[in-house]
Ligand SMILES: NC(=O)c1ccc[n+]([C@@H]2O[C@H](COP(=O)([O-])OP(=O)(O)OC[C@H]3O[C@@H](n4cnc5c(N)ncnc54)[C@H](OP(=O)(O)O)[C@@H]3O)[C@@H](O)[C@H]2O)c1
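In structure tokens, the next block holds one chain alone, the form predicted on its own.
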């Protein structure tokens, strides 16, 4: 990898996260060249219906000036799939940002495996492959001597995964977290305004915090997937989402929240990893607890042996937030390959 000063990359999926990554890459390319001594050459962009491939490097300025003309570009090839062409590309890093089936991890899982099988390092913003097949992906990466980074899968730009390297002299014994901004917003609004779940959900959808189909969020499945990834990375476990006891927030009523308030508690949707167990469910939290964060924020509390509780708080979603995590992973891979 890293032939000379040039790092060749491909991007699979040019949705919100993928597009934000390209915009961030364009904005930061001079900074990357000066501070990290390498240039990124974007060789290919794959979409669901074809690919833009230019071995001399795709011009980011022209591409981002009018993204709607992607398929009118002279290098556009219709009706090709990433999994069929990854092996033919001369690239160092494959960046996967496609939408993913939460039950199968596809097509991201196939893209990741295809890249690794061709000794290409991988960066992914997709959760499903890692909460379904974490160990298989890591074993394949090790076998092929490849690096796999996925910071954007949990809490977006909050360094929930990469903090591991800053705690290698410590021991993490427990994780407690709020990992879904939609649920936290809904519960915050129900608590402060006394409104019903359905009203709070509708409000979250109108504000763009909740999906049109919010099932994965409000059922607890999204938070459970993120908890699996965190526990495997930070605690050294080897779990899948099938190992998580999951309960959502749909049964929480204003009355329950009011009863909690009388005793100076609030109800939060917590994701907990401790004593080899994974649990995602609503729990009572003291009103003055640091876990009582508001709005769409995410929070990760790591209980450590030598430093007590360490807490990370920040935006857990967003195009540029995820894009910055991907760029962090990219720089991290290049530095690792160079022995830094």
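Numbering follows the first chain given and starts at 1. What you see is a predicted model, and the numbers here were worked out from it, not measured in a lab.
Below, we turn to the form predicted in complex with the named molecule, even though it does not appear here.
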Inset, instruction - Would you check whether the named molecule, in the model of the complex, lies within 4.5 angstroms of a non-hydrogen atom from each of 125, 156 and 322? - result: yes
Inset, instruction - Select from the listed residues 110, 98, 240, 191 the one whose heavy atoms reach within 4.5 Å of the named molecule in the model of the complex. - result: 98
Legend entry - Interface residue in the model of the complex among 9, 24, 331, 14, criterion: non-hydrogen atom within 4.5 angstroms of the named molecule: 14
Inset, instruction - Decide whether residue 228 counts as a contact residue for the named molecule in the model of the complex under a heavy atom distance cut-off of 4.5 Å. - result: no
Inset, instruction - May I ask you to state whether residue 160 is within 4.5 Å of the named molecule in the model of the complex, using heavy atom distances? - result: no
Legend entry - residue 152 within 4.5 Å of the named molecule in the model of the complex, heavy atoms: yes
Inset, instruction - Using a 4.5 Å heavy atom cut-off, state whether residue 47 contacts the named molecule in the model of the complex. - result: yes
Inset, instruction - Go through 264-272, 181-189, 139-147, 100-108 and give me the stretch that gets within 4.5 Å of the named molecule in the model of the complex, heavy atoms only. - result: 100-108
